[in-house]
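Next up: a single chain in structure tokens, the form predicted alone.
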Amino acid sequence: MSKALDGVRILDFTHVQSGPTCTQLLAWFGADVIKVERAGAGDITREQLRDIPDVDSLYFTMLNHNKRSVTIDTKNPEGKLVLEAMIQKCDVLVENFAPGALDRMGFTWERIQALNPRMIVASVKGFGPGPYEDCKVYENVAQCAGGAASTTGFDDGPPVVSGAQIGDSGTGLHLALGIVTALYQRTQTGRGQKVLAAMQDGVLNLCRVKLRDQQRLERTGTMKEYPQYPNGTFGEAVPRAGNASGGGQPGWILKCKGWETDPNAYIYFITQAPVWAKICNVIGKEEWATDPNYATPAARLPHLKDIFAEIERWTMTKTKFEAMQILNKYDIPCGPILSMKEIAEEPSLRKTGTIVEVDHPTRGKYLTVGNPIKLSDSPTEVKRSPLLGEHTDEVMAELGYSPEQISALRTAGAI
């Protein structure tokens, strides 16, 4: 069966996480992703957080599946000629260098367009145009600058960053969408274009409900679904809301049986209005279904702390999975707090390809995240990440270089 992006060739200048997330996703959809790396070193994450000496780290292997690796010295004049040949043959160049790095290499937008007018140049940057556009950005900086940290955590504590990599991987997902969109437009115009995904912008896009709440707060001075209501105070900016749901359905994380020794013996419980009577029956508070202080969503808002305390008294008598089984029978929305160990061992995630076991020639077998997007006519096969420079000769031959020319390039230090 063909792949969605068969025939698309990607020149991958990315490293660490944001860019490799993007190019790995495109590779999973069938694009031929050629990862350009420095000889002898490669992507810095090959050696970061190693758990096996002298073997590519899980950091690298889990972000570079289905790609080919070539090593080129971009400062070598002959190496630059090889890159020019690659630009002429590829459809997309993806990079997440520091601002201005590609220009300093001699590959400005104008130069790339002269070599290949159909080339799409896609970039991850920390910030878009503005006072910070030349700043270098990493995951947690993006979460802070994009509004996530200021609205995460509890009101009596400091800002908190999320364990989800919304700055790096989140921006990579945004960039992948931009690339595919540009490829589609190219079928109409025949021209390439620049695609920019700024990490601050990507994080803010994922925090849009907090920008919504900022405007509500400025208009009304309060937000009744936040835990600060009715007894707390609101300032000028959206406060940290603990485990509140951030929407019209109040929710909270509650203890379950075993919480004293298991840090993940918790469940997220939502008091959804249409099933309120069922919630009351399950927890043994049938009278709340008709009590004027609890019967309507508006009436319940001032009492949410007491309501969740009562529900927690019930959840603490059940394991999170027992509670899930009971609550699901009544369509009461909830979800267990799953540890990474539980997720890694979940059979259903293996069956759907969301978690995949991959065999690596030096590492052996390891678990990785599979394609989160499932296409019925373009199934994903997760292939191992490449060894450093593993495909240099292969790609050079595809560019038209003879074995003798390849040998000469290697002797010259270009590859």
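Start at 1 with the first residue shown and count on from there. Note that the coordinates shown come from a computational prediction; the quantities given were computed from them, not determined experimentally.
One more form of this protein should be noted, the form predicted together with ligand CAO, which is absent from this view; the next part is about it.
Looking at 306 to 314, 218 to 226, 138 to 146, 110 to 118, the stretch with residues near ligand CAO in the model of the complex, meaning non-hydrogen atoms within 4.5 angstroms, turns out to be 138 to 146.
Every residue in the set F13, K75 and N96 has a non-hydrogen atom no more than 4.5 Å from ligand CAO in the model of the complex. Contact annotation: of the candidates I253, L206, M105, I332, the single residue with a non-hydrogen atom within 4.5 angstroms of ligand CAO in the model of the complex is M105.
This chain appears without its partner; in the model of the complex, the one residue of R68, R384, R363, R38 with a heavy atom within 4.5 Å of ligand CAO is R38. The shortest heavy atom separation between A85 and ligand CAO in the model of the complex exceeds 4.5 Å. Taking the partner from elsewhere, Q17 is found to have a heavy atom lying within 4.5 Å of ligand CAO in the model of the complex. Ligand CAO in the model of the complex comes within 4.5 Å of no heavy atom belonging to G192. By the criterion of a heavy atom within 4.5 Å, A101 is counted among the residues contacting ligand CAO in the model of the complex.
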